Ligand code: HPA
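Consider the single chain below, provided in structure tokens and representing the form predicted on its own.
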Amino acid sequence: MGSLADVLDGKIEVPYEIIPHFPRSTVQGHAGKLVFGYLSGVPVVCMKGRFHYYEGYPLWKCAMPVRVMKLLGVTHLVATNAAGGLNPKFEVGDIMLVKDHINLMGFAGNNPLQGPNDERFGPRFPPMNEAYDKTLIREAKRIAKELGLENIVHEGCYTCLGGPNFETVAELKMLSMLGADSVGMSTVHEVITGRHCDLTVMAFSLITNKCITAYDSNDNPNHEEVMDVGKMRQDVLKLFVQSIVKYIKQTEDSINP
């Protein structure tokens, strides 16, 4: 989340291109830096720009930064994304806390954990039935209420597709039948990798457009719309994530005084 990285105290920016073997972001609006600093006194690292399968990288490479974070001592992963709202109750600008995901790319045999397993990170067959931490979801809802955001914050199921094209009407109808509430092109492989190496994970989607599920619609989703909604909500999202990070720090301090 680039806007969050901009408000860190004592920040140090490390361009992706000087990190050995690191992929580079090629998408408009993704700057391409790891940003280290303090958020409300809590040491954090932010990705200012991420990587996508449609850029030509294999999924393990897209998720490589998560393993780098693990090696740096990170314990919690807060993943964010811009997503299309498939649930008809969602409005543009809403926030969806991810309670589960549908890994369609994994169904097709494409998984970031494919290949030899490195036991130093995690087991060969990691469970995913509790991929998203229930306590953090509960606390995020509490924080949303305290911030007066309860009317725009929901829970739902996210699904990741390969992209880069937006989906057809038939595809979206199918995804709705499968139980997906939002649709994007990231996050799932990062979450799988994070859980594989025992990070505590939460994720949320900013609903940047409504999915088009009617053939007579004249609307067309576009990347500019996605970026505009992100800018519109950036101050709210910064405050929301700051509050979540504060809660995580307080909880960790109480466990390890």
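These numbers were taken from a predicted model, which means no experiment stands behind them. One-based numbering along the sequence shown.
The following text describes the form predicted together with the named molecule, which does not appear among the structures shown.
Put simply, of Val68, Ala31, Val226, Met232 only one has a heavy atom within 4.5 Å of the named molecule in the predicted bound form, and it is Val226. This chain lacks the partner; the member of Ala82, Leu77, Ala180, Leu136 within 4.5 angstroms of the named molecule in the predicted bound form by a non-hydrogen atom is Ala82. Under a 4.5 angstroms non-hydrogen atom cutoff, the named molecule in the predicted bound form has Phe166 among its neighbouring residues.
Under a 4.5 angstroms non-hydrogen atom cutoff, the named molecule in the predicted bound form lacks Ala203 among its neighbouring residues. The closest non-hydrogen atom of Val191 lies beyond 4.5 Å of the named molecule in the predicted bound form. Looking at Met185, you'd find a heavy atom of it within 4.5 angstroms of the named molecule in the predicted bound form.
The stretch from 191 to 199, 204 to 212, 56 to 64, 37 to 45 that comes within 4.5 Å of the named molecule in the predicted bound form, counting heavy atoms only, is 204 to 212.
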